[in-house]
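Here you get one chain, nothing else, as structure tokens; it is the form predicted alone.
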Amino acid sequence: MSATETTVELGAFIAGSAEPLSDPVQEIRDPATQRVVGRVTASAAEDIDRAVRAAHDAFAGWSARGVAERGEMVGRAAHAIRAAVDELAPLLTAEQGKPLREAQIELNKAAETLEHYAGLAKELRGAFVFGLDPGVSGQVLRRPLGVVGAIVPWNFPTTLLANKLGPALVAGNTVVAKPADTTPLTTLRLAAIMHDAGLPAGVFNVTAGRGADAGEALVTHPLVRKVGFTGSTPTGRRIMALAAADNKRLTLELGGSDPMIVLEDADLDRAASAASMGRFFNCGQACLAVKRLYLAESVADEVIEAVVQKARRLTVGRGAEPGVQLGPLHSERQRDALEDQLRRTLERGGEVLTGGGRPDNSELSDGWFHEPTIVLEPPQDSPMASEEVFGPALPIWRVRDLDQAIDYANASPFGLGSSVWTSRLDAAADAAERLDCGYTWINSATKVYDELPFGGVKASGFGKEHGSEAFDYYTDQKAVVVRTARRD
């Protein structure tokens, strides 16, 4: 999507139809330039009601299909998304701000996740229990829940949607998605592409709008039986309170402050690269980003120097331009929050090793850019240690040993991911057991695998996405007792 192109205008996608733009209209702006790149219908409660009822009407037919057939249809939709990556990536960059290469990675990952669940369709099964009593057996049936509300944030609009859409659809549910109010364009296009690939009308619907209006209307709608949400911890708590009134099922993937621990016997070059990529990918705006780095004292200086040099070499610029590695923060609010967090931290202590402010480049002055930043040894009770850092800034601490690193890591209220770098199997196993989080990488970059369950603890939420375990959160297990023979 180039600067010379006209803006995209999209209404809701409901019951297999891409509706025309209608009032009230919400503008979508490029975080790198503030140019209006799209206009969408800001859905109100009545639009949410139409979408939910369309999904409810489609549920009986969709859930009655064989699970293998549902998997095949989801697989075809995933293939259609892959074929459209070159079309969709510029649109995702324009609305979200990330570099074009990262947009392509995200879209391909979304398709991969849908393909994964399409492939798992034939593995979705219940259980049979023989001999409960003489002549009595038991069955455990998996039944879809009904209409699922999927509420997705702006940092990874398509992959975080696919995490919910894949298991929900294959299990037999229908879905109403509410993307973030600043990144609805790609999601609306995805819905049309999937419908054109054969997904029946009403099975997947998308309504744009603000959380306080469209989001709350979706969560509280009486026909919605499950809500899958990814976003901030305060918003997750609000959704949990709203959903409790009607006993709705929930999956909450919330904030994180992931620690990375590097011990003295680690592969330091690989660890430094993983720290840089894990912190600065998507401009640091990822729940699973590396957000706290703990280094064994004997190797700390070497790793610090390597990470600082990597940060200094990153090319900051507009995501659509060639060679850019770090785009803008997504919004003025995000940059303001990061700058405030840095200010409050440095008032307490710590040393800025590189970055710390906005780029000294007048050509980037219209966007929400911030330099990649490294802060050394801020106090353990400072904002960068105790809050989630959602931007391109990394605090680093030296530690005596693994015990001290784990103590610092577990002091956070969050518990999403973590990583450990060491060549000692006993240390790796010890850390994996003791770290309070839902996911631990050992000597590995922070890549999420569809084959493994993913979810957090503490303030990072509950429930699992990814893995076959995700089906547990999109189905109900029903027990059936069958007397197969009369035995007096």
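As the structure is a computational prediction, the values presented were derived from the model and not from experiment. Residue positions are given as counts along the sequence shown, with the first one as 1.
Omitted here: the form predicted in complex with a small molecule. The next part is about that form.
Problem - Residue (of F369, W154, W397, F281) lying close to the small molecule in the predicted bound form, criterion heavy atoms within 4.5 Å - result: Contact check passes for W154.
Handout entry: Heavy atom within 4.5 Å of the small molecule in the predicted bound form - the one residue of T373, T93, T230, N205 that qualifies
Key = Here the answer is residue option T230.
Practice task
Although the small molecule is absent from this view, report whether R333 comes within 4.5 Å of it in the predicted bound form, heavy atoms only.
Solution key: Result yes; R333 sits at the interface with the small molecule in the predicted bound form.
Practice task
Report yes if any heavy atom of R210 sits within 4.5 Å of a heavy atom of the small molecule in the predicted bound form; otherwise report no.
Solution key: Residue-level check for R210: yes, a contact with the small molecule.
Handout entry: Touches the small molecule in the predicted bound form: L107 (any heavy atom, 4.5 Å)
Key = Residue-level check for L107: no, no contact with the small molecule.
Problem - Exercise: F390 in contact with the small molecule in the predicted bound form, heavy atom 4.5 Å - result: Residue-level check for F390: yes, a contact with the small molecule.
Practice task
Would you mind picking out the stretch of 184-192, 318-326, 222-230, 132-140 that comes within 4.5 angstroms of the small molecule in the predicted bound form, counting non-hydrogen atoms?
Solution key: Heavy atoms within 4.5 Å of the small molecule in the predicted bound form occur in 222-230.
Problem - Every residue of G71, E115 and A470 near the small molecule in the predicted bound form, heavy atom within 4.5 Å - result: Answer is no for this spot.
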